[in-house]
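To begin, one chain is listed below as structure tokens, in the form predicted alone.
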């Protein structure tokens, strides 16, 4: 199957270096109440200002940080005292979009009224330094990792060189992960490499070779690592995890019991949005993986996405264009994070939960959206929304010439799309079902809603079909895949999954027709070749099966199941040495598989290598004592050995 129903939405944030023309809005009232005039008496850097700057500004404004200058010393801050007062009084700094009182989030970057007044008073009174003995300890250097030393670090073999000029750059950098066995990842911390010029980053994984192939096909000259564009292909964020980086964002420490699976052969795919600076810049990102000691326990995370993209058709001059969406929860969920997303024209965002008893709970509210300063907002304390809750979003857009963030002068019509000059209307919630069995019910409900919103989107039919297939509702699943193909006859995932349904129904000829159509449409789709080869094997068309299974392995050399099935086909064709080779490779890729040991043992026994065969049957039974086929094979192999010994042939 393909990995994602929708493109991964972009995260974005910019540094002060790119803030030239913004007209800031007034800051929201502080939770403290009305602003006061700041501290009584002389205001100094060492006693009053440094504590504020060190806590709230130094994350970005420090050597190697994403801010364009440092604020760790008196001289640095004093030179910019008036600027600091202006941007904090206006609410422009520190960057934090959610309104207070409409959701509580981890790492809120918001100054109190007293702190704002203190900074203003310091600038107005001449920016005095004060006594050195009053200076607090500066923030610790960030040479180390914020979450501690990682278990695994990965980087590019050679850095990426950001061109001096031109438009924003979206680059997908592919890094193989050197793991020899399945591991469980608690979290990933990113050092983006030259963060002043990295607008944001998205982290994903690819357990196929599709990203490597796209990198190899890249034609950019001179040659650079990675491939260009906002589309990440088959790379995906695993198990409902939101993995991104923005300037100032504290790394996510992970959640106990919710690690995600990392298998050998997986690539780390890092999409960087970068801003040319007028000179070439070297970008050398490093990712630190922190492993968990055990696999996840209980239900996994899941991303619910409210989506009004299909309503986005914003006329030029319209200063109050509004879109909305709503879905009803069929199950109880626990909310962990909120991620709203739009581009330059968005003005305000509202996310609400209306509970079954009619009471409302705010998910998030942003009155002054800024594409340059968005974030993933992790809730301070996860909370439960019961079944029957309605989730809703309402986004407004300003496509007038009066909008200082409008990238078009004069304004032009703007529709939905992946380019930053297009628009989006997404509100994602990271949730966890109360029961694992409920997740498929949630997916089914959400994709039925998606089809009602936009019946022309084949991905929604595909995902609904997958949810029904998971429940063994084969006829219903097939109807959804067919509906997706009616919307888009070239939609390979729907054709592939329809073939899988026909195969499970025993309709092998129909399954082969669908798989054949899929590989004609996408010759590089490894799983399509695998499925077609496997059906041909079941039909007894051994040479045809072997051809497609070899094609699978040419695309995905680490496809263990393709090695297994090719081994079966070659055994039936009497090419035992080749069959042994492929079964050995399948076992190397899945060393803990009882089935792989049994398969290798079987072909070794047929080849006359009974001693080694017996060893593998025994290993299969140590891994899985109730593996009946391995036990029968072991008994048969021992009987043959005994007969040969009685006959004096051993």
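Numbering follows the first chain given and starts at 1. None of these values were measured; they are calculated from a predicted model.
Not pictured, yet referred to below: the form predicted in complex with heme C (HEC).
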query: Contact flag, residue 92 vs heme C (HEC) in the model of the complex, heavy atom cut 4.5 Å; finding: yes
query: Interface membership of residue 559, heme C (HEC) in the model of the complex, 4.5 Å heavy atom rule; finding: no
query: Distance check, residue 536 to heme C (HEC) in the model of the complex, heavy atom within 4.5 Å; finding: no
query: Residue 322 within 4.5 Å of heme C (HEC) in the model of the complex, heavy atoms; finding: no
query: Site check 448, 460 and 478: each within 4.5 Å of heme C (HEC) in the model of the complex by heavy atom; finding: no
query: In the model of the complex, the one of 485, 363, 71, 204 near heme C (HEC) [non-hydrogen atom within 4.5 angstroms]; finding: 71
query: The single option of 111, 177, 335, 306 touching heme C (HEC) in the model of the complex, heavy atom within 4.5 Å; finding: 111
query: Interface stretch in the model of the complex with heme C (HEC) - options 606-614, 619-627, 52-60, 584-592, non-hydrogen atom within 4.5 Å; finding: 52-60
query: Heme C (HEC) in the model of the complex - contacting residues of 78-92, heavy atom within 4.5 Å; finding: 83, 84, 87, 88, 92
